[in-house]
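Okay, here we've got a single chain as structure tokens, the form predicted alone, with questions on binding and movement later.
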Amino acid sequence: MHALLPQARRRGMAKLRRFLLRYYPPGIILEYEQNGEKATRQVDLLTLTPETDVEILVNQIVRQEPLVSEARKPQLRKLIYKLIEKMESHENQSFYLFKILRAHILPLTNCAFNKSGDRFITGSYDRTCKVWNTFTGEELLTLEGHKNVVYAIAFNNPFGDKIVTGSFDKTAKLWNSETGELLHSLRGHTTEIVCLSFDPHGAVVATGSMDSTAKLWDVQRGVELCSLMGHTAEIVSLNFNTEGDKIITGSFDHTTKVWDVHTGVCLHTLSGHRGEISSTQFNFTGDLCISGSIDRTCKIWNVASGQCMNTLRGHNDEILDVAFNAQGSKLVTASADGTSRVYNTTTGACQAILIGHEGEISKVSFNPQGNKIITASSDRTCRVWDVESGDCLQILEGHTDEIFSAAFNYEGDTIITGSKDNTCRIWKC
């Protein structure tokens, strides 16, 4: 639960206008008016499960949240049941091959969905980024202009009206995702750009480069805001927290750094790994982050203190990717040893080992509901796993070369896989 606003109660000014649902992770957004200004506040329900006692929860929210009156209980109850229904709606789904897209003339590097899932983008060694319609498989746009590999790509979710591409040509480019118009070229890095991200508000883009720096750029004006200096080797991973006020960068110098987005100041250097960092992520609440390393371990860090909370062992080869579920209660690691492991974030206990791939796993992620995991492997398959049991539910086969990118859409009913075979496949429920 978020802290309450005592002044709202005192003044009696705040008036609840409406409830909005947030499915992943579950929460209810309160849209209210105070002194004529519209504002929102979130009630996070990160521990909600189909077994939750809804009556107790409803009473707790009404008790703790001054905006929600007794009279709103029936409405609130209905919304919580809707969130639970959404959790259960994907229990027994299986995926079929919907479309094969001969996407590029050279291998793909990455693919990513927009928030609504009706479009996705692919980057390629052919120096282009393409925009696709998920429902028809139709190519909508080709974004041309880079002079080398387009390696990192992203939508400005949740809005989806802009795309950023990062290239081995040392530049990043901002595009209008509807028209394909080039809005800005971001120049300043001295070597390849290998990772990037929009902040959650779509106002800032971060780029990470082999030149050991990350840069923050103003999306509107296309100008550099600051350079994050301090790493002594390539930056290969970066992520904003949910608020957008902090960013983490993972580097080949064996460390992860936490930065203040507004000032560009390094708040913490997270050291302890004995090898290069391969992947990093914040949890939803932003109080923890994880780093996966080629030293075969994943570490959980307290963001406020910079302390290592836990070191997760068990893999017998490099960890290549790490990811939290939407709630942040679990995390998954992917390794060159061909297995993935699911851990409990709080205890650090390994809850499941996903065994079955015949090659290294380079990409792993939870579905939004948190009950399934997909893994992309060099064995040319993508597998769908049950989180609780660790059972393989499905093998998505057909690619003729390694798969290095796989993603769920926001609803969790579509998967895209990108392969070295120059194709992208759309899988649907």
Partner chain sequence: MGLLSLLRNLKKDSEEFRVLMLGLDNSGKTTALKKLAGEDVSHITPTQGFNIKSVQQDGFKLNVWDIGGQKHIRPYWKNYYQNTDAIVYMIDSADKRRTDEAADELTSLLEEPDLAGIPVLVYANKQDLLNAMSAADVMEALDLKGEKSRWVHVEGCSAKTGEGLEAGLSKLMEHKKSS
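Positions refer to the first chain, counted from 1. Being a predicted model, the structure only gives us computed values, none of them experimental.
Although it is not shown, the form predicted in complex with the partner chain is what the next lines describe.
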Segment assignment from 35-43, 51-59, 382-390, 356-364: heavy atom within 4.5 Å of the partner chain in the predicted complex: 356-364
Contact between R127 and the partner chain in the predicted complex at 4.5 Å, heavy atoms? yes
Just checking whether K420 would be counted as a contact of the partner chain in the predicted complex - the rule being heavy atoms within 4.5 angstroms. yes
Is it the case that N156, even though its partner is missing from this view, gets within 4.5 Å of the partner chain in the predicted complex, heavy atoms only? no
Is F282 part of the interface with the partner chain in the predicted complex - any heavy atom within 4.5 Å? no
Three residues, N110, V194 and M210; all within 4.5 Å of the partner chain in the predicted complex via heavy atoms? yes
Heavy atom within 4.5 Å of the partner chain in the predicted complex - the one residue of V149, L228, L83, L101 that qualifies: V149
Considering M309, L140, I105, A304, which brings a non-hydrogen atom within 4.5 Å of the partner chain in the predicted complex? I105
If you look in the predicted complex, which residues in 279-296 sit within 4.5 Å of the partner chain (heavy atoms)? I294
